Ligand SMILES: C[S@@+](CC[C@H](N)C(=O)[O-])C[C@H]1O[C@@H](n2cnc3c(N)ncnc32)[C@H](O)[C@@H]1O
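Below you'll find only one chain, the form predicted on its own, shown as structure tokens.
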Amino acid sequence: MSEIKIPKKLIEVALPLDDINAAAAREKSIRHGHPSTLHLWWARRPLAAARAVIFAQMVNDPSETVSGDKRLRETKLKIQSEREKLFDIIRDLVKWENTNNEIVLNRARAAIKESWRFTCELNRSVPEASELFDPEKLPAFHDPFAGGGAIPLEAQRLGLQSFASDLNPVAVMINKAMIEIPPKFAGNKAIGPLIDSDNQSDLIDSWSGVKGLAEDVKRYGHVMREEAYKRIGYLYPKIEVTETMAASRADLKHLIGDKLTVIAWLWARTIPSPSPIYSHVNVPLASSFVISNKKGKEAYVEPVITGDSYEFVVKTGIPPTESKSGTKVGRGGILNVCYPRLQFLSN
């Protein structure tokens, strides 16, 4: 039986690690369009690193493909030159802006196919060559523990048929959403109901790739939002800016009389006060009353006590120390009696 010949791969020899590391580090600050926004996953691999590693695993090192006496300087220079061309492909591949650049991706896919055809030619005398080494069919990619799906996603992007799974059902769902479902609807136009206020849909003249699927997800999301608003919208009313509110907020003075949409609601559990005197008062369990600690945009909620009732007022500026402590400590919801403005709740 003929022995299967496996050429040395680029990853076994050298990689442009500085370029890969720089792209992977930059990717941490990117959110829009990144799979991490679909669902956070621990130990998520950077897309740039996954793409580079898969490419380097699939292409042969030029020391295997360049003909000539490897001891000669001329041959060594040619090998180095061909290796540098592969490095250039990797340098382009790892850039975030080239994630869906078909020109860059096609260069990488062509290099992978060329290496695969070379490998098939080396093994054409193997008895199972017709099945194992078909030059027109790239080997499939299998990842039984795909996690966040970065590696099988990039394998698919590079032209390989990807199969991914995991023991964690959340990981399975992520991979289905990124790898399994989109290809099934590639090239299909959107069929969901148009959004009346959306003029962008009319500008789409080509439903290439998964544009149709993405548009349908957007339209369905709009339908769900409108339905949710009908059912629970009254629980989230708009806030009218009054003169009293603007008195301490110079940034609100030009908005007096306007009704503004609240962009964030702070939710807290409540429990009856442990004090017998105020057992009829529900105590909010909040670890902190600070809304924003960002420099120049500090904001916090201040409880205003009136008799045995209270209300909350949003204030701007550096939060006082007591606002940072809230009314509970730890996960058990134990009241923090050190907060002076709500001390009556535990006296």
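Don't overthink the numbering: it's just position in the shown sequence, from 1. Computed from a predicted structure; not experimentally measured.
One more form of this protein, predicted in complex with the ligand, exists but is not displayed; see below.
Interface residue among Ala111, Leu158, Ile89, Ala146 relative to the ligand in the predicted complex, by the heavy atom within 4.5 Å criterion: Ala146. Among Ser208, Ser81, Asn106, Asn168, the residue placing a heavy atom within 4.5 Å of the ligand in the predicted complex is Asn168. Note on the interface: of 71 to 79, 187 to 195, 159 to 167, 134 to 142, the segment with non-hydrogen atoms within 4.5 angstroms of the ligand in the predicted complex is 159 to 167. At a distance threshold of 4.5 angstroms between non-hydrogen atoms, Leu213 is out of contact with the ligand in the predicted complex. The shortest heavy atom separation between Ala150 and the ligand in the predicted complex is within 4.5 Å. Looking at His34, you'd find every heavy atom of it more than 4.5 angstroms from the ligand in the predicted complex.
The ligand is not drawn, but in the predicted complex it has no heavy atom within 4.5 Å of Tyr310. Within 4.5 angstroms of the ligand in the predicted complex, the stretch 16 to 48 places a non-hydrogen atom from each of Trp41, Trp42, Ala43, Arg44, Arg45, taken in sequence order.
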